[in-house]
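Below you'll find only one chain, the form predicted alone, shown as structure tokens.
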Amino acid sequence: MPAPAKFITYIDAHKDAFIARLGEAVAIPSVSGDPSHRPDVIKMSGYIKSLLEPLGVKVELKDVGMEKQPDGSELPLPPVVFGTLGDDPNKKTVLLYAHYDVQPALVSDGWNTDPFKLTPDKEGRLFGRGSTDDKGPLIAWINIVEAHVTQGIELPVNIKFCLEGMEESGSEGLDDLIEKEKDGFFKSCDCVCICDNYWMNDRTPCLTYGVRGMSYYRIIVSGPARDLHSGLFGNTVHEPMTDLILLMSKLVTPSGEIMIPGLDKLVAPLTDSEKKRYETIDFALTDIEEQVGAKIVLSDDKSQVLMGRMRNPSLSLHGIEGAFYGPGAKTVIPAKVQGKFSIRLVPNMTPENVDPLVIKYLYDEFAKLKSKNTLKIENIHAGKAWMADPDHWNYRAAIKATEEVYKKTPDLTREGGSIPVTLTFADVLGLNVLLLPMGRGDDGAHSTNEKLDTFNYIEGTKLLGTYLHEIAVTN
């Protein structure tokens, strides 16, 4: 059932206002991973509340406790925004999830514009941190409710909002809240829709029925009691940085092969039918080359590249803390350094069966160095992989909505990123979860110059609204 013409007309007529609203959201630097920005994250929850309540949405800001900091202090976790609109027992109830926190961003990282000022260019791209991940989709849901309420269009479903502020930092506190409220706030929900992923390219919409999980690790190597002068102590003491670099070099090869023994045996075997699915997806190697800005794809085989992104594990090195990184030449031997890396998990892999393999391997490799420094390994946060049934009515409704708005049948994909809450919704609530993306594959989420195309923002808003109308009539 297509969305009413009045709804589509309203979205088109209010394009500029919706872009301005997104600009207001982007301007709040809600960086959950930076303690100095915790007030901004909390401010963002209040901003959302101020938009929803005038539209008749019953809003609760749910306290999820405190977050312990490395120095022993505590910070309040940003509240989870619960919203309820409609309680008609004759209508389906759709749970809409999004997150209002963002990744860190500084102009010095390589941004061409202020990351916290939404900046359009001549091609209609809207640059700003969080524009596509995930403030654009979140604001779009609010725009959809506004269009229905102000135009007197009856919402075809009941809506429940679950909007969190710690997704980029492990969704701390959310799982416990979902478990606590499974027979309360969430009891009436019939399905879940998450808009927090992307098309494979810039031309073909998709629906996503699986995501990889993740285990994020920190390797800490400590030695001297303080930083040392390399001229005085070089070649006289074991240096933590040397040990750390050697350890991190033994995690993954330049071709992407994970070097930790036993991990490959945890991966679910590839079936013939699954392999054929990758062969039919609208995807070319040039799609990735354009997204990353270089011809550095690991393989010339399309299916191998897709499986590398969607259904096989990966290990990525992320950074080193404690090392000198400023301009100039500082001849320092760091007293303690921390290396960070993560493993993207796939079905059959869990943090519980991966951790022992990772930790044993790193301690074994460290022993081979015969270093007198000390090693500590921590799993900072983790989430399991998730897969849904793409033949469910939730997906059939989304396929119809996509065909109605974009005049294309969407690809069915699995996503390389991790959205741990998908598995929580599926397991705890027993619901089918749909990932219905708004943005394109070249949006650069988590990267410099993150953007959302105006076309995808506006047409994606129509898609999400149409999806609600299709849900009402699809069984």
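One-based numbering along the sequence shown. All values reported here derive from a predicted model rather than from experimental measurement. Rigid core here is just the name for the largest C-alpha set that superposes within 1.5 Å across the two forms.
Omitted from view is the form predicted together with another copy of the chain, to which the following refers.
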{"item": "Region of this chain that lies against another copy of the chain in the predicted complex, out of 102-110, 130-138, 227-235, 84-92 [heavy atom, 4.5 Å]", "value": "227-235"}
{"item": "Contact residue in the predicted complex, from 216, 209, 199, 186 (heavy atom within 4.5 Å of another copy of the chain)", "value": "216"}
{"item": "One residue of 350, 316, 303, 119 in contact with another copy of the chain, assessed in the predicted complex (non-hydrogen atom, 4.5 angstroms)", "value": "316"}
{"item": "Triplet 355, 385 and 429 all within 4.5 Å of another copy of the chain in the predicted complex via a heavy atom", "value": "no"}
{"item": "4.5 angstroms heavy atom contact with another copy of the chain in the predicted complex for residue 284", "value": "no"}
{"item": "Residue 190 within 4.5 Å of another copy of the chain in the predicted complex, heavy atoms", "value": "no"}
{"item": "Distance check, residue 329 to another copy of the chain in the predicted complex, heavy atom within 4.5 Å", "value": "yes"}
{"item": "Contact label in the predicted complex: residue 344 to another copy of the chain, heavy atom within 4.5 Å", "value": "yes"}
{"item": "Contacts with another copy of the chain in the predicted complex - residues in 233-253 whose heavy atoms fall within 4.5 Å", "value": "233, 234, 235, 236, 237, 238, 239, 241, 242, 243, 245, 246, 248, 249, 252, 253"}
{"item": "C-alpha of residue 88 off by 2 Å or more between this form and the one not shown on rigid core", "value": "no"}
{"item": "Per-residue C-alpha change between this form and the one not shown, residue 184, threshold 2 Å, rigid core fit", "value": "no"}
{"item": "Residue 343: Cα shift of 2 Å or greater between this form and the one not shown (core-aligned)", "value": "yes"}
